[in-house]
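Only one chain comes next, encoded as structure tokens, the form predicted on its own.
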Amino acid sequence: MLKTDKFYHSTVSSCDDDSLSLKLFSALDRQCQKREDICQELGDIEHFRELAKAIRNNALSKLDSCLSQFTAKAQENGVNIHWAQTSQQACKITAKIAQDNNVTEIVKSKSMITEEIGLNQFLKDQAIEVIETDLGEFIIQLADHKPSHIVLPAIHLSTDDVTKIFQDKIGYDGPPDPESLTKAARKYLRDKFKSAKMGISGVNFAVAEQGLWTICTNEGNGRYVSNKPDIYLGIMGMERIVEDIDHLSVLLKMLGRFATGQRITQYTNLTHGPCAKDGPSQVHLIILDNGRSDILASKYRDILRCIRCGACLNVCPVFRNIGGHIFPGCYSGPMGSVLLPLLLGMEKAKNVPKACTLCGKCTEVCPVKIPLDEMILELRNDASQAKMGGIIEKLSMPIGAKVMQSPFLFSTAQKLMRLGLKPLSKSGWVKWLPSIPGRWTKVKDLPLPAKHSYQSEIKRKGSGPKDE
């Protein structure tokens, strides 16, 4: 369970790490600028956002029929379809496919859903080695970190950090520059691609009409994973489906622009099924629920529109300071603040929606117009209604509500607060407070409340300048 103190202290620790915020701000500013520049080519971007929203809503409104059509067509194409209700079932299906084919080494393309279900550790416990082939995922696997961003998993690491990791883990002895590091990773992974009998990837979108699915990468590793080994397994969340190719083309257009500032990802692979002459002889696909049916039936169903572009993380002022490692799952930022309580349960992630200023930037930038800030506020309300807060929160919130509802009590509280804080202040700022209030002053100074309230100043000076 994610306890309040653990979540708080992890947040404070991240805020104290100046180097982390510098890395995040630098990288995310570039991502945002690239997105803004490339989206101008589309002209009326709001039209495309509305279109993408309608396409995702259309698929979700008839998810059962879309999935039935997709699986029937995929099976016609020779794909082995597996249904998994839980993450544990998905992991067991994967392990059985590997064990039935005497597989001990698997190459895997970047996949958030496999992070969601903890697949790598599960397979490791079954004596099956999994090698990440996406450069970012490869780096954090060597470092034994979890992804800090759903698109840029190693964003928290500098070039010098990566150089040190490569030196320690793969014997790298070259210069600390990105090109040399990339070549070293490519050389190391090429041998893994040649020897692995099985490949695994996630699924960006599945197309109901044709029974095919797509994986989008910028390094070509996804194409190796899905074509070079004799056995290929895709794993997809049940909501990642669209009705036809026309709808797919719109979402690919939006994904590339909002995720990485590109017109389209460098490698967009379409998988139909096995091929006797070229490619894998076995193709499997796991369709995972893992709580998605419950979300679909809830007031939070709009979060299932998410296309995992990461744009909401890039603009989030909270994520820019704390990164993704304090979140109790693979999803982080605004979309993680909604998804994690729904996937893990409110009891385990009740404090995650509190890591939000409610500025609304995430909603403004979302390519499929998910009202993320409204959902985060609603999740906070759910936690409050379920009385999940600590004893101090349970006592202070009702008192605070009464004070805020009464002008007299509010004015009195302001005066008392100034009187109480004045002895602790210096030059109008309070630098230290005890106990719970000290959580504020530990990371920033607290301004001493003004001597006169805004309303009293208006009354004292009049309503403002008058016409002569």
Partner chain sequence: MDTNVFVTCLADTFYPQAARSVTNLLHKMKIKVSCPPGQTCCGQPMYNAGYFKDARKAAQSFIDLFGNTEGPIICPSASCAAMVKVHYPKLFKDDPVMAKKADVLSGRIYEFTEYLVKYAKINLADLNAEFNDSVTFHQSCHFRHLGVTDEPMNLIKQIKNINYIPLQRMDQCCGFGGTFSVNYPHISKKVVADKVKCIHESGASWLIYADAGCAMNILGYANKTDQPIKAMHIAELIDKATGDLSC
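Numbering follows the first chain given and starts at 1. A quick note: this is a predicted structure, and the numbers were derived from the prediction, not measured.
We do not show the form predicted together with its partner chain, though everything after this point is about it.
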Is the gap between Asp373 and its partner chain in the predicted complex 4.5 Å or less for some heavy atom pair? yes
Check Glu378 for me: does it contact its partner chain in the predicted complex (non-hydrogen atoms, 4.5 angstroms)? yes
Would Ser384 count as a contact of its partner chain in the predicted complex, using a 4.5 angstroms cut-off between non-hydrogen atoms? yes
Even though its partner chain is not shown here, does Cys359 get within 4.5 Å of it in the predicted complex, heavy atoms only? yes
I need the one stretch from 390-398, 304-312, 284-292, 157-165 whose residues put non-hydrogen atoms within 4.5 angstroms of its partner chain in the predicted complex. 390-398
Only one of Gly220, Pro317, Gly345, Pro176 gets a heavy atom within 4.5 Å of its partner chain in the predicted complex. Which one? Pro317
Pick from Ser109, Thr94, Asn351, Asn204: which residue has any heavy atom within 4.5 angstroms of its partner chain in the predicted complex? Asn351
Heavy atom within 4.5 Å of its partner chain in the predicted complex - qualifying residues of 404-425: Met404, Gln405, Ser406, Pro407, Phe410, Gln414, Met417
